[in-house]
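Read the single chain below, which is given as structure tokens and is the form predicted alone.
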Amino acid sequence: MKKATKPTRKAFSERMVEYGKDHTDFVVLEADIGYSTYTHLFGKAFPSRYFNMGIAEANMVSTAAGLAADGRPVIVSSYGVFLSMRAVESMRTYVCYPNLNVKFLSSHGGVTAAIDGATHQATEDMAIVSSFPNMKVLCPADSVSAAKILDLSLETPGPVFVRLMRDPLYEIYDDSYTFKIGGSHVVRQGSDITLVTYGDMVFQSLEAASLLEEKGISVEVIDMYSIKPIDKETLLASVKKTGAVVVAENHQKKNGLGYAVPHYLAKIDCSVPFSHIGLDDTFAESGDYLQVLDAYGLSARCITKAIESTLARKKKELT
């Protein structure tokens, strides 16, 4: 890992401008926070294709549905907490039901918006949007994956929800990596336990894996950047190798990736010790990002404890 110089929200929007030079068919709608999501860069480059719809997210998504009704790609942009709640009926009924070509730039995912408090922390978004038929859900961890996922979202038919982060954290990918719907990357090989994660929690997971390596524990870390659909093949191969799995996500424990992973494994009768790191039916406070993570059990320290506990169960089952 190396320190990032830009957040995923900026990398996504910068690539949007580059992509827009050669692809003139898509338009961008913004909910009056374009300087925060960086979509103002697209508006400056292509003012006739950029529309500030004001603080009216449901109307914005409904407008996007109308524009997309003839197949035109439309990007709508706001904070994740507002897209996944204020605009939820428009998203479900007017975009997902007719399977329209609308892409959601959803910034400030999870408690990455720590300093802004619970009102701006999108900690239920994955559960809400992933429940909609036809919706694909992606979450890049760094600026390289964010830029590549901009292309992927626009080149994928139908609605795509992309969860982005508030602040720059770390970089782990280079241009040699490719991304796809239903894909993932094993970002650290291991043999004792599988750690499945996405977004900012990739970095906490890698840190936890390094801490456990000092104790002789080998952790395999999967960046499950495609949250819907998940990469079942990579997940199953890893779990069969390690015999235990932990999901770590910056989200409520209910109905996120921590639902999708064990649900799939249970369906195919793959029974292994399982633990889940996430918000435990609680809102988070406003504060420093790393301190908020630790206070709510999402930090590398907390992941380490969960892995050790899960491995203890694994050892007990084997004896």
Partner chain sequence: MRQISNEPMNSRIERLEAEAKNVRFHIVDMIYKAQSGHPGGALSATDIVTALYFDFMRIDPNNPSWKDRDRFVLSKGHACPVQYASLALKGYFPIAELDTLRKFDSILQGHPVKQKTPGIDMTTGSLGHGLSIGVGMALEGRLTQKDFFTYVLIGDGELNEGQNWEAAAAAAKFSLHNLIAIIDRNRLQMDGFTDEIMPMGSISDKFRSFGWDVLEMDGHNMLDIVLTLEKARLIQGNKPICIVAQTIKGKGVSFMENIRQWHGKAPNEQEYKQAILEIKGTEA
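What you see is a predicted model; the values in this text were computed from it and never measured. Residue numbers count along the first chain shown, from 1.
In what follows, reference is made to the form predicted together with its partner chain, a form of this protein that is not presented.
**Q** Even though its partner chain is not shown here, does His120 get within 4.5 Å of it in the predicted bound form, heavy atoms only?
**A** Close contact exists here: in the predicted bound form, His120 approaches its partner chain to within 4.5 Å, heavy atoms only.
**Q** Classify Lys136 as contacting or not contacting its partner chain in the predicted bound form by the rule of any non-hydrogen atom within 4.5 angstroms, answering yes or no.
**A** Result no; Lys136 lies far from its partner chain in the predicted bound form.
**Q** Would Ala266 count as touching its partner chain in the predicted bound form under a 4.5 Å heavy atom rule?
**A** Ala266 lies outside the contact set for its partner chain.
**Q** With the cut-off set at 4.5 Å between non-hydrogen atoms, does Gly287 touch its partner chain in the predicted bound form?
**A** Flag for Gly287 set to yes.
**Q** Only one of Ala260, Ala68, Val27, Val292 has a non-hydrogen atom within 4.5 angstroms of its partner chain in the predicted bound form; which is it?
**A** If I apply the 4.5 Å criterion carefully, the residue I get is Val292.
**Q** So if I measure heavy atom distances to its partner chain in the predicted bound form, which of the stretches 122 to 130, 240 to 248, 208 to 216, 109 to 117 falls within 4.5 Å?
**A** Going by heavy atoms within 4.5 Å, the stretch is 109 to 117.
**Q** Its partner chain is absent from this chain, but in the predicted bound form, do Ile33, Ser36 and Gly54 each have a non-hydrogen atom within 4.5 Å of it?
**A** All three within 4.5 Å in the predicted bound form.
**Q** Listed by sequence position, which residues of 81 to 102 have a non-hydrogen atom within 4.5 angstroms of its partner chain in the predicted bound form?
**A** If the 4.5 Å heavy-atom criterion is applied to its partner chain in the predicted bound form, 81 to 102 yields Phe82, Arg86.
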